[in-house]
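The chain below stands alone and is given as structure tokens, in the form predicted alone.
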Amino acid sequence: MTDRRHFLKNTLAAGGTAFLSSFVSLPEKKLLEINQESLKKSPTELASDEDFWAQMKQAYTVSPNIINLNNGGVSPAPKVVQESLSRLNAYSNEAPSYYMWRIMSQGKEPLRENLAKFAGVSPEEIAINRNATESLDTIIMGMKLKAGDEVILSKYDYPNMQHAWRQRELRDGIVLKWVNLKLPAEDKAELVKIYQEQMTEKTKVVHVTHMINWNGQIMPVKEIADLAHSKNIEVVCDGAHTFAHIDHKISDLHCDYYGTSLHKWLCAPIGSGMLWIKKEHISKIYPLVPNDTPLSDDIRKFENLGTRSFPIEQAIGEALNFQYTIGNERKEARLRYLKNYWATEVIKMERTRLNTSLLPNFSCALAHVGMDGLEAGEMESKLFAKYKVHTSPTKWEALNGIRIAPHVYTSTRDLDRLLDGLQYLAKL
């Protein structure tokens, strides 16, 4: 069996779909046939191939009894990442101060290089930390802003980021200017104009969320950044929901600062994140956790976190390998297909309101649906109680409903159950 699995793994690797031998539960001849056929298909064609994506489900340990459609909060790690984390944790506990600081720490720079290559930026601009909040708080709290300086943001930005900016407002007297977004939005020019209207000679920073967590709205970060730069304004981008979700590079966004969580769409261990700061800005930003050279231009000054989990950090590499195995284009196409699979049916239902665009430039996997006469919490609890479909109750600003976020292990059968549940809610 070991030799046969080794053969299968090598065969698939040669074809560009190097799925791990742990995926194998189908007869190997059938598995080879599926993957050989997949090589003939474009990402869009492959997106609807349920035989191909059924293999992906076998790479995870997700519950067969609960349908998890809240991958936007935190995604499960595939087995290979879990096993790596468990192995590294056991290893470090044999002699923590030796194995962590002297042995495992040697993997830090290769990991930085691999993440930077995937993100399309320099390794000297990447810091590894614990989540998007920590990354973005480092930027927000570390900027040299003074009383009267203006910052533009939206009330649909993530609450923790709003809290950080409000703390700077309270502490330093900066001025927060709020754009009025109407979601879903499908006009890039209009979105850019909304930010432009708030810009003055006192504006120093624009904070923009690449994909809004509440409903999956994709924002035109590049166009907003280009406009801001023409007025000498810096741009902070919250990339928590787009890194390893939609196929792009950080450099495509033209922003100055970027933070993301790796335990979302990359499926890295829970409690892993990444900070990116354009090289020319690093020396201007104070670290959130102080060190002896706070104005250094070395990105590593932001990794002075004290004792942290080396196993979590190092297992990020396995998640990155898993991402490469799927392929960015294939993953995005599948995620978009899954969203469209249920969302195009929902818009036909009575009482329902899809609060997410179906246009590819403005959404991907994550979407929001509301129902007349039902509150967000009621929708979520009734759907789970009867159908065991787990979603996120999302009531924020003008949105009132549930956020639905499938992942690569989600099948169309899972989404059929979601649709049955939504039909049930529509008849209450």
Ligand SMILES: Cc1ncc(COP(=O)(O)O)c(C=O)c1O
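Computed from a predicted structure; not experimentally measured. Note that residue numbering begins at 1 and tracks the sequence as displayed.
From this point on, the text means the form predicted in complex with the ligand, which you will not see here.
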Mind telling me which stretch in 256-264, 78-86, 316-324, 218-226 gets its heavy atoms within 4.5 Å of the ligand in the predicted complex?
-> 256-264
Even though the ligand is not shown here, does residue 211 get within 4.5 Å of it in the predicted complex, heavy atoms only?
-> yes
Contact label in the predicted complex: residue 241 to the ligand, heavy atom within 4.5 Å | yes
With the partner left out of view, is residue 158 within 4.5 angstroms of the ligand in the predicted complex by any non-hydrogen atom?
-> yes
Residue 114: touches the ligand in the predicted complex, heavy atom cutoff 4.5 angstroms | no
Which of these residues, 133, 352, 203, 357, gets a heavy atom within 4.5 Å of the ligand in the predicted complex?
-> 133
